[in-house]
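As a starting point, one isolated chain is supplied in structure tokens, in the form predicted alone.
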């Protein structure tokens, strides 16, 4: 077995020297954060039997509750659907102002970009609680919260997609006297339509999960049934709600993937 020469080993180690300091800093930061957060694997292992016991209390699920959970599950899908559509429309309008190649003025672009950044900086829970405080409990504050939460992400993605379009069609239409609205309709949107649809469907997947969380703060949907069952120690009812949530998420993901393939496939054929 051949042994590398010392010079060759030193050259090999020099290649990795620049990674040593960042790795040490990252390790120290991770260790410090774990200490502050009181990460205790021993406590986790000690609590595992209690988790197993809790799962045992959930079995078997209350099968007779499944018909009653269909309504809240449908409400969850409706909240996510309406919130996603409203958020996508608002994001599209703001993205047109935030895109550098479409914005009428730099100040308008900076203002739109700033609004999108501010929305993304706000935690989703703050936005949800804000609308619950304004309009009370129910599905409506959930719809508004999901719409606003969708604007920040979709607006940035839409604006970036607008800025990456081929400028030649835009310049050609501007040269023949087309209006800004006509340029956007016939030169911009056809180029970015697949991206807009794909990003909106992805946000719908996110909103399905968020709409379940909305029930925790009283904004309707099947999440409300789940949290109430847990608070009342009705674990079999809670497990039935969990199973419905799993089926709901899987079905919505499959539907979203099918729509994405269909829309993008049609665009490719064109």
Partner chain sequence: MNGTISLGTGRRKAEQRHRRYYERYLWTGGLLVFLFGWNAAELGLSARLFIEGLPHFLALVAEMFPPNWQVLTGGRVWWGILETLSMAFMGTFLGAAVSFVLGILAAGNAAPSRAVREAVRTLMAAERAVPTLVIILLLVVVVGLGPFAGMLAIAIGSVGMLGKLFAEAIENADPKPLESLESAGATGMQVIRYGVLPQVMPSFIANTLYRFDINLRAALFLGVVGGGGVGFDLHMAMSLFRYADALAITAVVLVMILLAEKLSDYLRRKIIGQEVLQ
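Residue numbers count along the first chain shown, from 1. Small disclaimer: the values here were computed from a predicted structure and weren't measured.
FYI, the form predicted together with its partner chain isn't displayed, but the following is about it.
Its partner chain in the predicted complex is approached by residue 30, whose closest heavy atom lies within 4.5 angstroms of it. Of the heavy atoms in residue 185, some are within 4.5 Å of its partner chain in the predicted complex. Residue 56 falls outside the set of residues with a heavy atom inside 4.5 Å of its partner chain in the predicted complex.
In the predicted complex, residue 123 approaches its partner chain with a heavy atom inside 4.5 Å. Contact with its partner chain in the predicted complex holds for none of 161, 204 and 261, as no heavy atom of theirs lies within 4.5 Å. When you look in the predicted complex, the only residue of 128, 88, 94, 157 with a non-hydrogen atom within 4.5 Å of its partner chain is 128.
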